[in-house]
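Let us start with two forms of the same protein chain, each given on its own as structure tokens and named structure 1 and structure 2.
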Structure 1
């Protein structure tokens, strides 16, 4: 049968997506457990989500949660950091820790036959870390060295400064790694107290996925984490919601003399992760700047040639989250890139509603490859941890594709009108101030506020 290669194949309907059944348990010590049967390969993944990421850092001790999490695999009992690494290697385990805005997430994946050994080792690390002084001083120095490296990275400098602009008086306003002053002043005693206060079963959720029954997975959880001390103390919320800041500077510049490019951030606080408008926001972002064929990228890269790539997105948190456009553009094009970006932000709000083709591409970018996110036990377990983090229903993943496909162009425009306000957007530029000052003045946003890279 001849194939007509001059025509793209017809796009069919999305196949039904079935997510593994989630079963919830609670251990005697109060630890919440969610299990998933996943039989594709003989591996088991443990994901432990602990409330208390960046947002739990006290003022002046930024980076505390992250360095505490980093200390966990530096030893347990008589085991040194090297011996812990060897123990993980002996069972073919993959170990990872991620410190986010609202939680710390530990992941360990190992072979099914080592499920109890792997879970037991993770339990030892999380509940009985050595927290030795020599390890602490080494880890702290490594983080201080990393901070110095980040100062030479315009994207890292922009990210750090933009968070501070968005959250000037909120714990969300700093990177997980902290800053020079806070890390230099941290002492091991404070790390020990942080571990004692945060690492408790009543503020944690354990997700286990693997080729075992729900009862068997629960038994593994009980065997490995059932001895974690019971904590009946109520968990006081450390997360205050945040209102959009009316006092954020309109235009901020971090001078970087001689820079050939300007690192741009344009945005403001926008939406909550559990907003009922979430599907519309995703489609809106895909049209605007969330994929290669988005308006922002086609304008700044393909039409103007200002950048290798520009994108927009939400940095989701439990509370009010920022929406931002980011790009690195040639210095001489800085002002024009900002002007074009604002034109696209305005256009999506109604002046240029999404076309039928844009809507088709946007929905497809979100749904066509969606099942690929759940191929492995680790992907499945980490996804369920996100449900726990944002208090989303167990049916969320199966409902995602139908909800996205139901989003209309009118809903995209409505979402943009509600959650994107160019008049409130802050503009941050990391670049050669002397080279771009005159062109920035032509934008009409007034004199920029100048900040140092150490903001």
Structure 2
């Protein structure tokens, strides 16, 4: 039978999506544990989410949570850093630390038959790290050197400066790694205290996914983390929500002489992750710049050829989170790319509401491929850790598809009107200031604030 090429084949109906059952346990020491049975390959993943991170860094000690998290695999018990690494290698473990705005997330993946060894090793690292002075000094120096190297990376320079613009007076306003002054002034004693205050069972959630029953997984949790001592100290005071600051500079340029491209950020503080408008925000972002087929990427990349890719998104946090556009654009096209971007930010707020076609595409791309996100034990475990991070219900994944499918074009426009405000968006450019100054002036935002990549 010859293929009918006069039209695309119809797509069948979506298979029912069911997220694996999440079972909650609480260990004797108060540690919250969630288990998931995941039978595909004999691989097990541990995710430990600890309440703390960028937000818990005291002023002047930026980078404290990150260096503390980095220090835990520098030794435990009799093991040196090298021996810890050797122990991880012997079980083929994939070990990773991510220090986020609100949480430090440790992930360890290993073969099923090493589940107890892997979990036990993770427990040793997190609950009984050596935190030795010589390791601390070495790690701190490496982080200072890393900071220095980041000054040559336009995306890193932009990210750092943009956070400062978004959060001038809040702990969220710095990179996890901190800055030269804060890292140089840190002492081991602060790290020890940070570990004592933050790494405790009542601030943590352990997720384990693997090819075992819930009982067996809980058993593994108990054997490995059951001995983690409780602390009677109260959990540190909570950090206030963010008040959007007025009067952020409109246009900021960080000069990078001779740069081939301008690294661009445009955005402002916008929304909360657990907002009831979350599904509308997701669909709105998908139409605007959250996927390849979005207005901004189609305009800047596929129509104009200004960039390899442009996107928008929310940088979600527990508190008020930024919405931003990011792209690296050819220097000569910088001003025009900014103008085009603003036209799109403005358009979706009413002048050009999403078409029926755009709505179909945005909703479908978020929902129809959803099961794809849960193929591996690691994907499943990390997803469930997000529930703990944002206080979302265990039914979250099951409810996602119907909620997104219920979003209307009107809701998208109304979400854009409430959460996107081009008039107060900050524009940040890391680029060749001499080459782009004249065209930037034509945008009418006045003289830019000039910053150095060092700040």
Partner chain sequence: MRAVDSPSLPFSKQTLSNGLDVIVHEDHHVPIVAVNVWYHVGSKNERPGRTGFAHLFEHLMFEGSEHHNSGYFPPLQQAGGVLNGSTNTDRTNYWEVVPTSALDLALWMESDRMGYLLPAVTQQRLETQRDVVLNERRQNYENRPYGYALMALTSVLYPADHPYHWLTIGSSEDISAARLDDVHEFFRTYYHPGNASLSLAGDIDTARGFELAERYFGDLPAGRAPEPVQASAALDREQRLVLEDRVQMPRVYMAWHSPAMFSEHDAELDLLADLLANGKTSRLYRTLVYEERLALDVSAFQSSRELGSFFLLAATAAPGKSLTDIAAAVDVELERVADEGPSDAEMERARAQTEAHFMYRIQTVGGFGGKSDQLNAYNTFRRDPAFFATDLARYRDATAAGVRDAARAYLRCDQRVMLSVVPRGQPALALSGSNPVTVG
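As the structure is a computational prediction, the values presented were derived from the model and not from experiment. Numbering follows the first chain given and starts at 1. Between two forms, the rigid core is the largest collection of C-alphas that superpose within 1.5 Å.
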*With both forms of the chain shown on their own, indicate which is the form predicted alone.*
1
*asked:* Aligning on the core only, does the CA of residue 434 end up 2 angstroms or more away between structures 1 and 2?
replied: yes
*Core-aligned C-alpha movement of residue 331 between structures 1 and 2 reaching 2 Å*: yes
*Large Cα move at residue 181 between structures 1 and 2, threshold 2 Å, rigid core*: no
*Please state the CA displacement of residue 259 between structures 1 and 2 in angstrom, with both forms fitted on the core.*
2.5
